[in-house]
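Quick heads-up: it's one chain on its own, the form predicted on its own, in structure tokens.
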């Protein structure tokens, strides 16, 4: 199978995403590439996952739900109440079906970029962190520290960012996907549950 063309995917994202989301996407892709260089991961895979991580973000909730129902993509109770959370699942599906991505690690990086998961690969961690620290982000607590840590200790950066994310969701009384909590617990306790 032919490798996806990064230039075509970048143009497609420019056409499909609103301007702000497209700028964020470029920030994630380039941050992911820098982290991939730092940690000896495949830079092209990092760019690809970064470019596609939010490919379903600008869809309507109805469209995301319809895609999940049509293609039997499981929907959690939290996702049914808040269909905007489905953008990662739908995005990983579109990466395969529409953009020709066959690399399982890239698909998983897109799939898990919002909640994380216990036992993530280095690429999955890179995309999760790149989404959190890309240059356009301004609001997250500990952002300067996490940006520095991301290039020193990926797991420590991930743990602090997950903790900050959970504090933010709890404080705002927002729906928390159980996988986010499981991911945090997994990394907090040294990769053991």
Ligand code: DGI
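Residue numbers count along the first chain shown, from 1. Keep in mind that this is a model prediction, so the values were computed, not measured.
The discussion below concerns the form predicted together with the named molecule, not included here.
Among 75, 122, 94, 85, which has any heavy atom within 4.5 Å of the named molecule in the model of the complex?
Residue within 4.5 Å of the partner: 85.
Decide if the three candidate residues 114, 131 and 176 all line the named molecule in the model of the complex, where lining means a heavy atom within 4.5 Å.
Yes, the whole candidate spot contacts the named molecule.
Although the named molecule is absent from this view, report whether residue 169 comes within 4.5 Å of it in the model of the complex, heavy atoms only.
Taking the distances in the model of the complex, the answer for residue 169 is yes, it comes within 4.5 Å of the named molecule.
Is residue 63 one of the residues lying within 4.5 Å of the named molecule in the model of the complex, judged by heavy atom distances?
No, residue 63 sits far enough from the named molecule in the model of the complex that none of its heavy atoms falls within 4.5 Å.
Even though the named molecule is not shown here, does residue 12 get within 4.5 Å of it in the model of the complex, heavy atoms only?
Contact with the named molecule, no.
Within a 4.5 Å heavy atom cut-off, is residue 165 in contact with the named molecule in the model of the complex?
Answer yes; at least one heavy atom of residue 165 falls within 4.5 Å of the named molecule in the model of the complex.
49 to 57, 63 to 71, 32 to 40, 151 to 159: which one contacts the named molecule in the model of the complex at 4.5 Å, heavy atom to heavy atom?
Contact criterion met by 49 to 57 only.
Note that the named molecule is not shown here; using its position in the model of the complex, name the residues of 18 to 38 with a heavy atom within 4.5 Å of it, in sequence order.
Sequence-ordered list: 21, 24.
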